[in-house]
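First, one chain by itself: the form predicted alone, in structure tokens.
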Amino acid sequence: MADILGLIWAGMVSGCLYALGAIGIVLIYKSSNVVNFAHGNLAGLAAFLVFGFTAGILGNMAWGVALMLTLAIMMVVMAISYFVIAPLVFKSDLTSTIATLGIGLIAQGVTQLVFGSNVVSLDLPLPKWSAQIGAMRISAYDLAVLFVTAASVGLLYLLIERTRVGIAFRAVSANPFASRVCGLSLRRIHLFSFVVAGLLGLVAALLIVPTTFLSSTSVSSFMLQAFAAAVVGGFSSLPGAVVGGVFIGVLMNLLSFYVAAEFTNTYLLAVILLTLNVFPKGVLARRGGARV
């Protein structure tokens, strides 16, 4: 039990990354009712682009320049991804959701074609600082994850609550039909959701890589935790995605340490099934309430 504080701290750091991934999934679902299964593969492609721009494969740029260039490329990629499925969105939620699987496979194929299938490492430009506080080992990486997550969530909150496009996003999420009658363009809001989700996916992927390795499938596998976080928090709740991410991060850390680390995917599946049975709309959903 002496290690529990350290495990909880490490779980909260991992949970922040799950939350960033879950927010991207929820953003797209709230606006279009599409579950974007390509989220992980697209985020993995983004991480590989940063690697390519800094490792001499696509160039030999400074880290900041590579990041800005990748952000611009991912905005274009996410726009193309949306326009590919846009004709399907208004016909069937199921069809458009299945189409995202194809987009994910294409993104994975492009990643393997350009960068190969080998495992590579991508380090963040962070100092090698760390400190021991009781059972908790706090590093510069941990603080960077917390800061970037807080900044991303704060900026997203301001974007949704204080801007016209954010107000339009909330209106479309609450009632797409009434929003269309009032003259709002659903396609523009869908595109907004895809682009913002893609940028959040890039941020999450870059923060994930130092804890593991980078391959054409590693980030998409990581996004399984983000998917579980979205289920726990509720697919229609952005605050729920944050809460669900932290919950999943802490729970997986405790179960892996005290039970067995080999059954992580089994734990996730059990959490998803339990949540869907007990809280079908997520733990933060209002009892008997409508989607907000």
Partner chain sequence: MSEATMTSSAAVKRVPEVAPPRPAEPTARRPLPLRAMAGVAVLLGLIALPLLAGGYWTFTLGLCFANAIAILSVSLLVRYGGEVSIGHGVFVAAGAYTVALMEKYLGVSVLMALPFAALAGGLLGIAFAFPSRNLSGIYLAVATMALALALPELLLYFSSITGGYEGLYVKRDALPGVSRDLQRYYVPLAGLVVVALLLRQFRRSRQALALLLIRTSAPAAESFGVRRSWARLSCMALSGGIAAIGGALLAFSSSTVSPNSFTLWTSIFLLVGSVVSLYSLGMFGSLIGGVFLTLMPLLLAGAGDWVPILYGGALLLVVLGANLIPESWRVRPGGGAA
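It should be emphasised that the depicted structure is a prediction, and the values quoted were computed from it without experimental measurement. Residue numbers count along the first chain shown, from 1.
Below, we turn to the form predicted in complex with the partner chain, even though it does not appear here.
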The partner chain isn't shown here, but in the predicted complex, which of 98-106, 121-129, 192-200, 152-160 has heavy atoms within 4.5 Å of it? 98-106
Quick one: does A140 come within 4.5 Å of the partner chain in the predicted complex, counting heavy atoms only? no
4.5 Å heavy atom contact, I272 and the partner chain in the predicted complex: yes
Examine N265 and determine whether its closest non-hydrogen atom to the partner chain in the predicted complex is within 4.5 angstroms. yes
If you check in the predicted complex, is L186 within 4.5 Å of the partner chain, heavy atoms only? no
Since exactly one of L113, A178, V76, I167 fits, which has a heavy atom within 4.5 Å of the partner chain in the predicted complex? L113
In this chain shown alone, the residue from A135, A72, C182, L94 with a heavy atom within 4.5 Å of the partner chain in the predicted complex is L94
Check for me whether the partner chain, as it appears in the predicted complex, comes within 4.5 angstroms of all of F48, A55 and W63 - heavy atoms only. no
